[in-house]
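Shown next as structure tokens: one chain only, the form predicted alone.
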């Protein structure tokens, strides 16, 4: 009699992902890897003029053509990935960590703290994000630390509201009531009872806010208020080479495709997360 060995497959563990999610995950991992090692792979220094023809076509020498000054767009896209992905990742971590901590604390403590935080962050959230970003950057100046803090502040209210809504539901459950009856402090309730039960939805929300931050950062850079020269993110590359759009120049199309591929892939990855992470049934 032969016995069939049991091997814990991803589907049995509840971590099955369809092919759309896997392709999206590969694209996201690709851009994350490019952000880390891309500048080491660039064939030319990002600021070096390598072509005497502006808005040059794709060729064996220039894989993505040249920009309005004759610089290699492939090298500049690789370098721009570090600024786009790096700044957006730092800002979304700042926004989600601060928003989730404040949201869980407000839900557990309640009272005047909950009311005060909610009203203040609601007022901040009522300001249009792009308008708020334009005003603050114009007033303070644009630098990478300023952009990270600004983008984090803009998206903290949304993370707070999301985390608070989840934490309020968890806070009414029996196991939290028992922990409170045992005399556990707020820090214990937040970190040991509530946070483990909202981690999946919070991670999905983090991905969505990452997309919003990438688009807002690219918009600010396109308006000239984001990453400043000689550095350039993908939004800056589009702005610099917008004059080549009527000619269909690769210099303006390639950074746009990079932004689109990253944001669409993150969205598809979130939509196709495994059930145990997404916390909903298929």
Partner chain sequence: MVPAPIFPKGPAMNPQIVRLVLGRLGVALVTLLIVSFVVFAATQMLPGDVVEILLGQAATPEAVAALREAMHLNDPALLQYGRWLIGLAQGDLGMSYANNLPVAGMIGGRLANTLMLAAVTAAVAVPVALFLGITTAMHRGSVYDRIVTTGIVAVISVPEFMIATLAVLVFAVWLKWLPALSFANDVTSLAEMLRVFAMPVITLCCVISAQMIRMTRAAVIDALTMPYVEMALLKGASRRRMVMRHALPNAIGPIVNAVALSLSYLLGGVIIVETIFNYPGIAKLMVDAVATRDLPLIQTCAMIFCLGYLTLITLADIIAILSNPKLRK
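Residue numbers count along the first chain shown, from 1. In this text the structure is predicted, and so the values were computed from the model without any measurement.
Just so it is clear, the following notes concern the form predicted in complex with its partner chain, a form of the same protein that is not shown.
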| query | finding |
| --- | --- |
| Its partner chain in the model of the complex: contacting segment from 232-240, 32-40, 52-60, 65-73, heavy atom within 4.5 Å | 232-240 |
| In the model of the complex, the one of 127, 203, 146, 165 near its partner chain [non-hydrogen atom within 4.5 angstroms] | 127 |
| 4.5 Å heavy atom contact, residue 44 to its partner chain in the model of the complex | no |
| Touches its partner chain in the model of the complex: residue 267 (any heavy atom, 4.5 Å) | yes |
| Distance check, residue 94 to its partner chain in the model of the complex, heavy atom within 4.5 Å | no |
| Exercise: residue 259 in contact with its partner chain in the model of the complex, heavy atom 4.5 Å | yes |
| Interface residues of 226-255 toward its partner chain, as seen in the model of the complex [heavy atoms, 4.5 Å] | 235, 238, 242, 245, 246, 248, 253 |
